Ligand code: DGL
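What follows is a single chain, given as structure tokens, in the form predicted on its own.
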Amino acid sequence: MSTPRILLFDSGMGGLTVARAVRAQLPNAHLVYAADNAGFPYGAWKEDALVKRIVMVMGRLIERVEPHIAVIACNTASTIALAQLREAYKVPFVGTVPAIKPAAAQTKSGIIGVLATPGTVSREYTHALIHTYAYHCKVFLHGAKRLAEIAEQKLKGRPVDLEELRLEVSPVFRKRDGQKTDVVVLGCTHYPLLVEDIERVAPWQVKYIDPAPAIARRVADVLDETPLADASTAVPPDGTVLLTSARGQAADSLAAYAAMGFQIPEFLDLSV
């Protein structure tokens, strides 16, 4: 039987938090991480252009990796392009959406904060999750413009500006009728990289919900139902990181990928 090949995709380094959870759940799997770092940050894109890019890049990645399953370890990409990806490709996809359902189940105060990218905050998908699962709660959505970039800089070894971080996260810490936020959803896979820093600047303690462990369990469940065909060509080794930028543009990030278990860089030429 083949070892399961898992392709993990994000615009940058945020999906490494999901990769870490998948590695813990499936230690013998063959993992290839792909970052569309030439397109980062996705929050700056127009929706139609971004969907087109994600579908194009994923096609090239599937051709290169021949994965048994693809994990869209990015809330923005999942909320706008998962349906189109499933329509375009036969590979099973597991997406990432804001963990509003578990937050609604765990809150005691009924006040939930959702930290996400501006794009995820504005998506109808996100509002539908709130309407379905957290209709009985007060949910404060905040589209944090800089959090993903702050997380990337941290992984590259640069210090976190705590005052900037405090301003980015403070809108989800709210008080209403003698109650206050007690659960914060980390609605971007980059944000768990900053949890310890956020705890330092938060005005009070809350529970932070990282979706990565639940995603990893879902990946394992889908793989149980997926035939594991052998690859037809030479695929990237386990621990490869595929990047869409030119090599020189990614130089400062390679050590960070290596530290998270992806030590073999490969650069994907999207021009052919």
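Treat the numbers as computed from the prediction; the structure is a model and nothing was measured. Residue positions are given as counts along the sequence shown, with the first one as 1.
Below: the form predicted in complex with this ligand, not depicted.
- Listed stretches are 212 to 220, 227 to 235, 42 to 50, 60 to 68; the contact stretch with this ligand in the predicted complex is 42 to 50, by a heavy atom cutoff of 4.5 Å.
- This chain is displayed alone, yet in the predicted complex one of A99, A81, A148, I112 has a heavy atom within 4.5 Å of this ligand; that residue is A148.
- By the criterion of a heavy atom within 4.5 Å, T181 is excluded from the residues contacting this ligand in the predicted complex.
- Contacts of stretch 115 to 141 with this ligand in the predicted complex, defined by any heavy atom lying within 4.5 Å, are made by T117, T120, listed in sequence order.
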